[in-house]
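The chain below stands alone, shown as structure tokens; this is the form predicted alone.
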Amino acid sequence: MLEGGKISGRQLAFLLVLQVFGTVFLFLPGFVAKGAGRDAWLVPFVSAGFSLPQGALLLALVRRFQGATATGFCARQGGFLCRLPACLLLLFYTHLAAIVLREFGDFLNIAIMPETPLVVFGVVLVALSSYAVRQGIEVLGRLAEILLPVVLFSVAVVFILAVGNMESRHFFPVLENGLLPLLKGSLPSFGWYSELAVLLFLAPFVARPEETGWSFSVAVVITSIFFLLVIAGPLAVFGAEVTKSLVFPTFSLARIVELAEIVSRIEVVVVAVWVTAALVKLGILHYILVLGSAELLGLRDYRTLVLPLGLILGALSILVSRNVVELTEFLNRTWFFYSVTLQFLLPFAFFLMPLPGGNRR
């Protein structure tokens, strides 16, 4: 193993939550409102149901890998065909990390600092991510343990302060047009929940492996509860028609909340907290990329790849789309098929590979 650090079951759960929730609040509420309309608040329940078969698959693979990561398992098999699924996963995570960088660059550029060049946000986030990744999995775990409660608290505060502006009529009638719009609106969220597949790279470092299933379950429950808040808040305040037209519905909600005309303009604090969440998500993907590449290449230390691959991610974040409109169209229309294929269907290929000693269980 190239990584000697260990994380607790709670840290694994927090890392999984930040992997999914780290960017959920940016675009996803608008996407699900476009498909499901006023039934969008039901989408988190459907998404949690989707995670059940995925969780069974991932936990079965974690047991099959016998303490190795997905790339470490493939590297032990030898041969190009055995390494191919792991290579495809790493290429996908490279693309995903570049998208995460671009999402937050566009978000900060549009919402907070329109005069700042996009490349500046990428350079800062990559530099911070590179420092965290060089420190290893234990630092990422501690970062998640510290930052996730702050992120969730900020989301809860925004939701509570917006209660006075909410109208329950925006939720009714429920399922007026049947289940089809709800299922259509749930598709983009499946793409985000599929990112729980990073478990295949993080589970080997849990100090007590028997806690892995508990960590996955806790991560799904926490993610779904707060996913419900970031959808229900804008929906109850703005209604489905306005919510689906907003680029950043949750940020728009944060801009209108105030407390007794004393506390207002809290969106800047909220943005700072959310950017730290994106930093952890980028750190997880960056870590998987350098560790997986080092395992497939047979290197003795993954840290030599941290900076070169960080620079590649920074460059790709500029090239990944021409503007925020093109990026949101890709995430809304294509991301579900792309993400579910690579993170839910592709892992079945690992069951076709023989176990050490010829045992195919």
Partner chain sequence: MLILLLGAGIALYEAPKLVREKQWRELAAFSGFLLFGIALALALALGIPVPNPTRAVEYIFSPLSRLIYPR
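Positions refer to the first chain, counted from 1. Predicted, not measured: the structure shown is a model, and the values here were computed from it.
FYI, the form predicted in complex with the partner chain isn't displayed, but the following is about it.
message: A36, S245 and V273 - do all three of these have some heavy atom no more than 4.5 Å from the partner chain in the model of the complex?
response: No, none of A36, S245 and V273 comes within 4.5 Å of the partner chain in the model of the complex.
- prompt: Should S293 be counted as a contact of the partner chain in the model of the complex, where contact means heavy atoms within 4.5 Å?
  reply: Yes, S293 is a contact residue.
message: Does any part of R134 reach within 4.5 Å of the partner chain in the model of the complex? Heavy atoms only, please.
response: Yes.
message: Contact with the partner chain in the model of the complex for P308, defined as at least one heavy atom pair within 4.5 Å: yes or no?
response: Yes.
message: Is it the case that L140, even though its partner is missing from this view, gets within 4.5 Å of the partner chain in the model of the complex, heavy atoms only?
response: Close contact is absent here: in the model of the complex, L140 is far from the partner chain, nothing within 4.5 Å, heavy atoms only.
field: Stretch from 322-330, 57-65, 22-30, 44-52 whose residues place a heavy atom within 4.5 Å of the partner chain in the model of the complex
entry: Of the stretches listed, the one contacting the partner is 322-330.
message: Using a 4.5 Å heavy atom cut-off, which residue among R169, R76, R208, K184 comes into contact with the partner chain in the model of the complex?
response: Among R169, R76, R208, K184, a heavy atom within 4.5 Å of the partner chain in the model of the complex occurs only for K184.
task: Can you tell me which bits of 329-351 touch the partner chain in the model of the complex, meaning any heavy atom within 4.5 Å?
output: Residues within 4.5 Å: F330, N332, R333, T334, F337, Y338, T341.
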